[in-house]
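Below you will find one chain, with nothing else, as structure tokens; this is the form predicted on its own, and questions on how it binds or moves follow later.
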């Protein structure tokens, strides 16, 4: 297994407690930053590292930090996006549950670089037990002088709090998260202005993912240049992957992004191959919002090159033949899985989670769910496939936030790569239902009209 920067101590007994975490070298990045470095030097190390946002977009973190406005006398904020709601993604939960002080340490070091004196960890409502773990870690950090006034005698003050959302996927979008944190309904804001200029309470704000903030710790400890040596090209460092589906070893893995997808799926170090010896049918490599890849494009690019677990390689060929690393929610499907049912399930989720602010998303996700339901339960028509394609095309790029794109891309990719399966649902509805549900024709649910 490759180098471990975030999970290297995960199996140390008691690593979730302050005493053990500190004994294992915890909070060294805070000591180094506050005693030996200026905020600008910390920022430069993050830039040098090439760290990209681990929440899905993959935007360069150092560049994002450099955008924060610094008007005199105006407070700045660092918000940690722990609203991990992307289906197929659970690596942030694992990190917070197992090594909570790593996130606390990353918040202090990152906030020092930004000149922020207040930070918030916004955690999803379903992670209530993790919230309690974080609250305990924060209390321990205060008790031992890593939070509060004049940390390490440096003159730097930083306070940290954790707040719980109400279970809305849309609050994973940074401006919706900010609205929710302010006590408003979690609707995304129109940008510009961007949060770096007007964020929380109209003050300069940076929003970063849990894994991104945690990665700042090894970057400062070992140096940005050392971090940049790991991985390949612009995909530097390590990446946490949530692996699930029809594999022998589901779980969270920390990988170097120069390994191949084939190695990740079939190596005993990682997923351990397809469960029950079945064949690979498809893969969603970055969470439910990214395009699905058919088996012949999972391990090889369209040009026949080995596909790597990197931002660039997974996106090779664009959406016609590629996908995205996204949030690292790696879902594997074997030969028996139904792509239409899978797509309908994703679409139900996005329809339910749409905030309703934009009509293309509000109406379009509902239409896609109804049409896919019709196809899945044996009442579809051939023209429904083209209708789905038309609906997703009218959603993509026409909404305030990326949820519309997230809902459209899985539908588009499923039709692009598995159109014959959609047609099979139309031409052989009884066989389809018997295969997927063991139902006979007279027991088919009534169709939802669209």
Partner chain sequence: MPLVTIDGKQIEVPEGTTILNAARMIGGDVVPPAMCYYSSLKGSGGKCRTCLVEVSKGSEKDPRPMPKLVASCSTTVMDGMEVKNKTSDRTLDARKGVVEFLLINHPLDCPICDQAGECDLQNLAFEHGMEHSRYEFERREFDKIDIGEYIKLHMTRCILCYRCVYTADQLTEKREHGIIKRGDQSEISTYIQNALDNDFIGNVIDVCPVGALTDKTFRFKSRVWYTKPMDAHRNCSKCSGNAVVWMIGNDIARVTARKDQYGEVKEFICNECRFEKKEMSDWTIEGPRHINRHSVISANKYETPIPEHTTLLNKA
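The model shown is predicted, which means the values in this text are computed figures rather than measured ones. Residue numbers count along the first chain shown, from 1.
Keep in mind the form predicted together with the partner chain is missing from the figure; the text below concerns it.
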**Request:** Kindly indicate whether 190, 357 and 363 are, all three, within 4.5 angstroms of the partner chain in the predicted complex, using heavy atoms.
**Result:** yes
**Request:** Consider the chain as shown here, without its partner, and state which of 168, 228, 338, 293 has a heavy atom within 4.5 Å of the partner chain in the predicted complex.
**Result:** 168
**Request:** Select from the listed residues 43, 34, 385, 391 the one whose heavy atoms reach within 4.5 Å of the partner chain in the predicted complex.
**Result:** 391
**Asked** Of the listed stretches (22-30, 56-64, 418-426, 395-403), which one has a non-hydrogen atom within 4.5 Å of the partner chain in the predicted complex?
**Response** 395-403
**Asked** So in the predicted complex, does any heavy atom of residue 184 sit within 4.5 Å of the partner chain?
**Response** yes
**Prompt:** Would residue 252 sit within 4.5 Å of the partner chain in the predicted complex, counting heavy atoms only?
**Reply:** no
**Prompt:** Looking at the partner-bound form in the predicted complex, is residue 353 within 4.5 Å of the partner chain by any heavy atom?
**Reply:** yes
**Prompt:** Does the partner chain come within 4.5 Å of any heavy atom of residue 259 in the predicted complex?
**Reply:** no
